[in-house]
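Encoded as structure tokens, the following chain is the form predicted alone, with no partner shown.
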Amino acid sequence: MANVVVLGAGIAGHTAALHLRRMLGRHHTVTVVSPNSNWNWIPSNIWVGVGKMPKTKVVFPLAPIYAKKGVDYRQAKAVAVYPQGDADDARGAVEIQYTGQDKAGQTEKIRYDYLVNATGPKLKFEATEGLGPDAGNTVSVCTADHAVEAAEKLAATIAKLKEGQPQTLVVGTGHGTCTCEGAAFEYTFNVDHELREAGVRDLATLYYLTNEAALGDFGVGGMIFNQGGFESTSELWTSSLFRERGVKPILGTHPHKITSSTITYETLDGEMHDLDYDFAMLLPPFGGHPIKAFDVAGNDITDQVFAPSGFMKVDADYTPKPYEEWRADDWPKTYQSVGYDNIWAVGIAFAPPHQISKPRKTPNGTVIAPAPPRTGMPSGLMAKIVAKTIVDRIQIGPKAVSHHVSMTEMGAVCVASAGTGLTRGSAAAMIMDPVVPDFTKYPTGRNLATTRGEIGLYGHWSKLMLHYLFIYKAKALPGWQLIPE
């Protein structure tokens, strides 16, 4: 009998757990450890955040799904890992601290034969002074509860506009090293859409504050589209949308301090600026969760297992290199932990070797560099191949060859909402292939035959369809495994 433990129940962790349970006999155990009691389809938090979808449509309880599928579920957070075992048992162990199930605060050690780290991001609002819901200045759509609060504050802002009070709204990134610029882009244009639907757009000034050096960068260095024999860039494509909607972009920024009325930020030229605002939704940077690692003697080996960011080191090349020397081969293929052949990290939890976009510094030494996105479709693909590897190790033996999938080989589909509505909604549908450019294989870094982008009503219908499709999949309803990651 083998014991497989999955840390996290987001897209990556939940996907890994369901596939493991599907492929392994019931004499093997699959245990999921997650501090959250609900699963959240995060891409639709955008719609919750503008009041167009209730929270109940984007979350559901995990416990009933796992009970039905025979997955052992612990509502807890991982606080330490013992990859070499300890004095009591040679098997690896994870120390957890319960957050629910009537055991809040209690700790326990869980033994494993195979471990999947899919803990997702720690939302580092503290990285910028005054950032985030807890500080009371800016809102967020990173969680369903955050999105509910964002919708309430947006509604209050629209109410003031209806009373004839001009308002300044700011959407974007709250730190120079943020990721998920696509989510900020989505929320910007959903806010714009709601302002127009409310008939108050003329009284509102809407800014897009971002760490991207150019529009359309999205943390992936931008894209080149070849459609109908003509080449276009994601910068040109998105710039036209900003002009059409009257959204004012401020590029290459790092917010230093946020008060209840002012955002103080630095730009790539090293200049400091103040932007007064009435409503702001700014995303935080991501970090790894604070999990410690110890050897069999109890010595701290955290720096061997995890990068300084808190993300787990895997089969990537972490040698420091200048941007000009970055290669596709730097990126991981199996997501196996460094030094341990029974541990993997997937989704946000693995440490990337470097950014995808070119990193920049201001003359003051401030880093302004979008972090590489590793969410959504890539997370699901990584989780599935790691699940397959574990199954082969159990069924064939420890010499079974690892399954491979690199972000330099996988394509990804992104549908970015630009406003909801069955007849008036729109979305930007983008395909990039591969996610991480491979300049040895493609002159432009990506396959121009399959990298493309379009915007329109059909995009909104596609995003709405994906919402229901992936909720269905995550609930492990009949045929769920046939739905692609």
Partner chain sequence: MTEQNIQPSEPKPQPVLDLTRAPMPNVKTLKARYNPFSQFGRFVAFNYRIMKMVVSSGH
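This is a predicted model, so every value here is computed, not measured. Numbering follows the first chain given and starts at 1.
What comes next is about the form predicted together with its partner chain, which does not appear here.
Residue contact with its partner chain in the model of the complex: His273 places a heavy atom within 4.5 Å of it. Heavy atoms of Lys321 never reach within 4.5 Å of its partner chain in the model of the complex, leaving it off the interface.
Of the heavy atoms in Pro43, none are within 4.5 Å of its partner chain in the model of the complex. Within this chain, Asp433 lines the site of its partner chain in the model of the complex, having a heavy atom no more than 4.5 Å away. Contact here is defined as any heavy atom lying within 4.5 Å of its partner chain in the model of the complex, and by that definition not a single one of Gly10, Thr143 and Glu149 is a contact residue. Comparing 60 to 68, 421 to 429, 47 to 55, 26 to 34 against its partner chain in the model of the complex, the single stretch with non-hydrogen atoms within 4.5 angstroms of it is 421 to 429.
Note on contacts: among Ala400, Val338, Ala198, Met377, the single residue with a heavy atom within 4.5 Å of its partner chain in the model of the complex is Met377. This chain lacks the partner; the member of Tyr114, Tyr207, Trp326, Tyr82 within 4.5 angstroms of its partner chain in the model of the complex by a non-hydrogen atom is Tyr207.
Contacts of stretch 458 to 477 with its partner chain in the model of the complex, defined by any heavy atom lying within 4.5 Å, are made by Tyr458, Trp461, Ser462, Met465, listed in sequence order.
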